[in-house]
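Two forms, one chain: they're shown below as structure tokens, one block per form, named structure 1 and structure 2.
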Structure 1
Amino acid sequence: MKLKNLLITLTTLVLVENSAKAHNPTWTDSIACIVYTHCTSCHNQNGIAPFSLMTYNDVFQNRFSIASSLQARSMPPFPAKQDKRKYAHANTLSDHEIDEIVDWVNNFAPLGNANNIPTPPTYSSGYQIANPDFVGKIPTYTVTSNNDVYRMFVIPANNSTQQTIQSIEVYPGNREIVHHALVFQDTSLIPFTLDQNDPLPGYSAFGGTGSPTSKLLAVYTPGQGAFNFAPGFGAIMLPNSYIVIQMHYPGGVSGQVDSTMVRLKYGSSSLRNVTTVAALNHGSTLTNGPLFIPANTVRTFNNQVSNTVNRTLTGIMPHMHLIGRSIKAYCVTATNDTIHLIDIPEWDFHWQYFYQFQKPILLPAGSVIYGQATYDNTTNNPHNPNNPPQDVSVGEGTEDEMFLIYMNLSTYLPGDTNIIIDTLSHFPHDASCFQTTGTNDYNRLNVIIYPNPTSGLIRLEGIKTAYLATIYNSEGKIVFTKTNETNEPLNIQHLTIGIYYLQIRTKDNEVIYKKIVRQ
């Protein structure tokens, strides 16, 4: 009898504890914010994703696949690990956000207060580079194959003098069919001649342009906006260059039409030149080549290059094809310190990025840069294009292989590693997260902010831990950040009169949002 009572008591305590911990998120109080921040840049009516997630009903209908994808961390796609190296503008979800969505799905996906439904973001045709110095548009092209298509288009840059590119924007003419694009510059007539000799607009090519003088400038992937070189840096474009853009159209879009645009913004000639080079490659730096993977084998290849002078590294992009399974790069200094650069444990050919670091990295003289890539040419690889597997060697075809790691490199100057590209601990939230319909806003810790409205100083009551304060304006742009260890007043006297949104993120990753009025 005593044992039975003890079991009942323990069961009751567990239920009470779980009840106390239970949180029932709704679409209106948190889920919409997460979806609008991390998902809808691709999952909108004109996006590259196969379905829209712009409304509650859209998400409700896909809720189980969404929860599964988030728990597997396959969505949003950001293949690089961030345990040893953080990257700029990384669209990744926190554990808390994933738990919110999973809890929401498990609790029958409640809508919440229908009067408080956040306004979804808009995806207009507006350009991010408002006043470009150069605009080039590929000829109207109709996809004629249901297989993957890689097409090169050549556009004269019309630059009689040398220019320094500060920003590049690839603006798809048809977002539904543009999987990714690579932008090169070239000073030879080779791409132009290849284009002229092909009866269709552009010419067919995979990987490179076919010209040894082509230099990679930028990479476009779905949901990406304009690519801005790190502050103080740019890419020199030689006089009389051609812009060569490789468009990748995925399988199953035959008959659809595209006319993608490239927009360039030039900067001061004082900007420091960034060169984009395949510092690690399957040719001169491969140590156990040649790159050849026999059928039904798994092989790992290594490459390395010595770094003879101090260099500043601002970005990195690995590249393999379909049977690649993992790839990584790191640097070992003369004193045997390891600098982690990139680690992609689950390679996916369809999600390739040019990763920028949150701050530039010094690759010191006397160091050695290493790369390692593993290829799986067996039936265990779901991306293997051949069944049964066939021998695979190096080449530019889809079913060939490559081992390239591109890097944005510049000559090092003291202070480079203090340049801030992006040090946010989390992807910036959509403006819908900052909407308010009452005095409490999104505030689970019951923090009180006063005075509000304020003429300059604000205080927080009810928070007992260090936190990061981030203030956004009504357009969702960050106007103030401060790490507050002692909960001292926040001084926002420099802000103009208006409405702002304060995000408080505690060291325990609890997040609070409050509207504040600067008067």
Structure 2
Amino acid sequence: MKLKNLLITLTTLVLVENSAKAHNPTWTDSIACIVYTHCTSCHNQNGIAPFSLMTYNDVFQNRFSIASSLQARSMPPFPAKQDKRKYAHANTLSDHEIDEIVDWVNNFAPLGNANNIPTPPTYSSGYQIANPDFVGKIPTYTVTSNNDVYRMFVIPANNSTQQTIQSIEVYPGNREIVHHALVFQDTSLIPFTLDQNDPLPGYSAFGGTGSPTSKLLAVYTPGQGAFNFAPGFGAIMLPNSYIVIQMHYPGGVSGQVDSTMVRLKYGSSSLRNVTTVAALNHGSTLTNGPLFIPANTVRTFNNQVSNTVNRTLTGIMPHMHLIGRSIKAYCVTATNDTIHLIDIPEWDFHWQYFYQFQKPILLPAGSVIYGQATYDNTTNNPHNPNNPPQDVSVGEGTEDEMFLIYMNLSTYLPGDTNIIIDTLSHFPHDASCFQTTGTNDYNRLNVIIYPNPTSGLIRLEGIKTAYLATIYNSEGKIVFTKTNETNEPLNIQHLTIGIYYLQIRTKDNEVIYKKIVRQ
């Protein structure tokens, strides 16, 4: 009884303190705008995400998982770190936006003025390339498996003359099942023949197209519009090319039908050619190869290539398969300056992007480009396709590996590094989401919880003060509270198996949300 009273006092105290400090954001004033800007392109009724966030009720119901995924920065999916290098068109939230949502969740997620609720965006969507020079469609394809499906489709580009591609739009036939797509161009007959030899439309291929002459052109992920080459640049497409497109359909969509469209806009032949090359690769530039990861090992591989002339780099795309854990690339100049290019600390095969820089980067003559990738072929890697782990080497199959870093390269001209591809650090109408300027730094607290999943005890690292722990179930009901003076572990053994959200509120009134799995 006594303990319970203390708890109530502490809770009340903390809440009073909190409301004095916070500015009580509401759905109407700011939260709807942030969600519509960053989330609903995928989280709509027909989107690729498993649930919709189009309405106040949708977001209210999912508020704890939203707070925890934002603080962990696992949503929206954008695996590249942006501390040393920012990218064009990056859908990431500012600290201010994350704080705003966490504030809102802490303050019981109010609706606000019901008369001013913002109108949700619509996603019946037209084409971004309104007057294409080429339109091609993959044949109508019915997914035949409930596992992830990777399927190549071959579309003749019907170009009797050379063209320069300025923009590429992948327009999903079925938004619910198109997880991502890689677009290649090829002049050989290999993809065409592979397609002919497979009785169903397209052919099955996981890593590449199966043709050594295929060149990657663009990557599509949901929510992204047309891919535009940097202003003044384009990709030459040789006469009589094929567009080869790899569709990724996620697990659980067997029986669903897709017919995705590719739309191309050609530019003037004076556009400067961008060549997309795997400048760092597992074939010729690996310094501690071959790429072979024995079962039950974690291995790091290094890659390096000398750059003899000035080059302009506009975009970069790392590529590994399922046991890849992290990958990065940087350039060291002749005078020993390091140019940071990309750093993906937690590789996720499902979220691959062709990252364009905010402005082109000069890779100077005399520099060396380095790459480093780590593979985890143990049972600790949840994406390991084999249990028990098997030896893994280079190949195009799901269970083989790759180490490729594609680069969009052009001959350097003075002034290139001033070209603006997109210098907004996050989506454009972000600033207009805020009616107020108050900010709480809720997400700065770096708390690590382990083990997770847990069968009973959870330890917390990184909290310096006493705190109140509240655990919510997936319906948002409180199932556990405890005040903790020390770093003694929390015991949640009595909770049934499932997903929970832990709210930690420190004496300094910092709040952090963590997803925990009781197993």
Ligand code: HEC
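Reference numbering: structure 1, starting with residue 1. Only the largest set of C-alpha atoms that superpose within 1.5 Å between the two forms is called the rigid core. Treat the numbers as computed from the prediction; the structure is a model and nothing was measured.
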### Task
Determine, for this pair of isolated chain forms, which one is the form predicted on its own.
1
#### Entry: C-alpha of residue 493 off by 2 Å or more between the two structures on rigid core
yes
### Message
Quick check on residue 452: with the core superposed, does its CA move 2 angstroms or more between the two structures?
### Response
yes
### Query
Does the distance between the two CA positions of residue 465 reach 2 Å or more between the two structures, the core being superposed?
yes
#### Entry: Per-residue Cα shift, residue 483, between the two structures [Å; core superposed]
46.9
